[in-house]
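Each of the two blocks below gives one form of the same protein chain as structure tokens; they are labelled structure 1 and structure 2.
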Structure 1
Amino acid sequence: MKGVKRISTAARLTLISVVICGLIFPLVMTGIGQVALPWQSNGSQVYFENRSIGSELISQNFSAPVFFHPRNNSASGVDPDITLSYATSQIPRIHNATGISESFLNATLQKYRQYTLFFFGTPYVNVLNVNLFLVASYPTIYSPYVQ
């Protein structure tokens, strides 16, 4: 009888743990996320021509020479941002591939420039946002790459 009681106690504790950790906690965290950060909680979807093409928080794979490329050797490889200096180093390649003036490409990077600590820290740009701006600004150049 003692063995059955121990199993019964263990089963109840397991059931309580599953309900709390597997049901209540995730629902509470999802609710908090939806209230506090709804855009990020829903995947930070970026739309182009009324269809989702990616997330602003996860790196997209741009490999054509006409686009700015994300870092391919950085930790997890999912960082959507690149430093302004790395983006600037890609301008000659994009200029040669597209004919877009280097001054326009520099101005685009300045337009999308952000800082790690408000106005201080390392300046960076979001690759997806910059590339989408280029696609919208030069649809004839980028039409073969947009499906």
Structure 2
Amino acid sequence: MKGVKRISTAARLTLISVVICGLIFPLVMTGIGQVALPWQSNGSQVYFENRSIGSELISQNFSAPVFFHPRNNSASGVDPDITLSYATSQIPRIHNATGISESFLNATLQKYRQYTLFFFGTPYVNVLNVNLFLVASYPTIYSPYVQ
């Protein structure tokens, strides 16, 4: 008899737990997120000419020589950032493909430079933000390459 009681208690407490922790909680959090922080809740999407071009946090496929390229062998496979030194090594290629001056490209990288430990650590840049800045600065050069 005690065994039956224990099973029925376990089953009831399981149902209560799943309703609270597995349904109400995530749904309430989704509601709060969508109302209070909609941009982040929907994936921090970046807009170009009034349409979403994907998340700022996710690496994009940049293969044309006119863009800075990501480095897709890291842990997540969608690492949106590259180290400053890797970005700098791409400057001659972009200069040759677009004619944009190397000093402008360098200045762009400096403008978007971040550090892995806030003020120190390894400097790096977000590839999408840097490329977006180039597209905005030289729309005629880049128009054949963007969609």
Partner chain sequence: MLSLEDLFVVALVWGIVIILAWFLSRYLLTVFTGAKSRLDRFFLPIENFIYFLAGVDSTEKMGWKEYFKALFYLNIAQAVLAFFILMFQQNLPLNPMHYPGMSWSLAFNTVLSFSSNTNLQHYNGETTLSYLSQMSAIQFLQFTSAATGLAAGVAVLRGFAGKAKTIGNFYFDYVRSLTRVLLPLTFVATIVLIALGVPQSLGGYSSIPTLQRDAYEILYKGPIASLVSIMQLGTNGGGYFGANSAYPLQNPTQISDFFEIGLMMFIPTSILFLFGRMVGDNREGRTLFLAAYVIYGIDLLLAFLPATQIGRGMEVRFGSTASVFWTVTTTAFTTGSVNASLSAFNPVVILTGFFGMLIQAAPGGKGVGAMYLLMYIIVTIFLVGLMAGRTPEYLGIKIEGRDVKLAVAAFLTHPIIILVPTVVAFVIGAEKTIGLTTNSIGFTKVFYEYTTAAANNGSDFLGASANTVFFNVTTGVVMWLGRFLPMLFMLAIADSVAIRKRTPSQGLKTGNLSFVIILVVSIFILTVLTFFPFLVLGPILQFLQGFKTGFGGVVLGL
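Numbering for residues begins at 1 and runs along the sequence of structure 1. Quick caveat, the model's predicted, so the values are computed rather than measured. Here, rigid core means the biggest group of C-alpha atoms that superpose within 1.5 Å across both forms.
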query: Chain form predicted on its own: structure number out of two; finding: 1
query: Rigid-core frame, C-alpha of residue 103, shift of 2 angstroms or more between structures 1 and 2; finding: no
query: Yes/no, residue 60 Cα shift of 2 Å or more between structures 1 and 2 with rigid core fixed; finding: no
query: Interdomain rotation angle between structures 1 and 2 - two rigid parts, degrees; finding: 36
query: Per-residue C-alpha deviation between structures 1 and 2 [residue 27; rigid core superposition; Å]; finding: 2.6
